[in-house]
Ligand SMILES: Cc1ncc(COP(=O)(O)O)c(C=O)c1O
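Shown next as structure tokens: one chain only, the form predicted alone.
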């Protein structure tokens, strides 16, 4: 797999791009979400770090061609992803398993419609990425909440006793987030195997959102759910893609892998009803280039992100009221602010907006289990991280 020069990759991470001058969601929605533009936005999960040069070059080459008509996603792009998943994660995919999708949320909706009926139960494990819950409800399925539990060391785990007590004949699907957004947990193999055993026993299919699978810090290792065994692979729909890894969410391209023939046939029925088509000419180019040429860039990025996380930990070390357990994966800091003394989630949010002047994601938006938490995206260049930490330290000192 060809790679970029590592020194070149490192140098671009410090560049600050004025995204406020464009139409970046993170910046454009500041007034709507926070009531002011005077916040440093560190909420939505994309990076303020430049997309790798290999991707930009591939998109530029395609843009230079004179026609932007309909295209099929090329087999070579799927093959690049298949090689990547095998080499980095030990997951052997087959071409016929793979579907193009413009987003993981769209893929979640397709799985909900394909593998359950209105009134059926779909398991979600809060605190969780909000669309998990919203899409279940929008499709008139019942939420079966199976909250994660936190141990004395701050680590998060599945609560399988709770899950087994709640399962009924109407429980059809479980939405798994791995690595987990927002808590940053990278699930261990034994934990995934225990969850899989419950699902196999009760005939529950699993949608595994593994979009953050490449953003894992040593010594942790992402274990694809479908890699656990042929039996587990046979109940799993896996969502993967380069969007988070290479900061190409704007290319609107990911994939879905469905190994079981009957499941794949049913998934395809709904997929065709929705008419996903095959994506954009620029998405195809960027997708393939990322997987074929972006590995060294990613390795340098992981070092950079870990440094940002460590710097945040240093600032919060000893701060009364905020507990920070560095994520094992993702670039999302899950800040436990329950001991800060605020009487409501609104007051906590207002502290970060008005005093720290930081636009974060309120934990309560991830389910009531997120009450008292805030999520901070630390995938930013050093100068931006410097400013964020300065604002945070100042606000905390005043308290």
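Residue numbers count along the first chain shown, from 1. Keep in mind it's a predicted model, so treat the numbers as computed, not measured.
Quick note: we don't show the form predicted in complex with the ligand, though the next part is all about it.
- In plain terms, the part of the chain that comes close to the ligand in the model of the complex, with a heavy atom within 4.5 Å, is 211-219 out of 186-194, 211-219, 134-142, 156-164.
- Contact annotation: of the candidates 257, 204, 104, 114, the single residue with a non-hydrogen atom within 4.5 angstroms of the ligand in the model of the complex is 104.
- Interface residue among 264, 284, 244, 292, judged by heavy atoms within 4.5 Å of the ligand in the model of the complex: 244.
- Taking the partner from elsewhere, residue 181 is found to have a heavy atom lying within 4.5 Å of the ligand in the model of the complex.
- Among heavy atoms of residue 129, some come within 4.5 Å of the ligand in the model of the complex.
- With a 4.5 Å cutoff on heavy atoms, residue 226 does not count as touching the ligand in the model of the complex; it lies far away.
- For residue 123, no non-hydrogen atom is located within 4.5 Å of the ligand in the model of the complex, even though that partner is not displayed.
- Along 16-54, one residue reaches a heavy atom to within 4.5 Å of the ligand in the model of the complex: 45.
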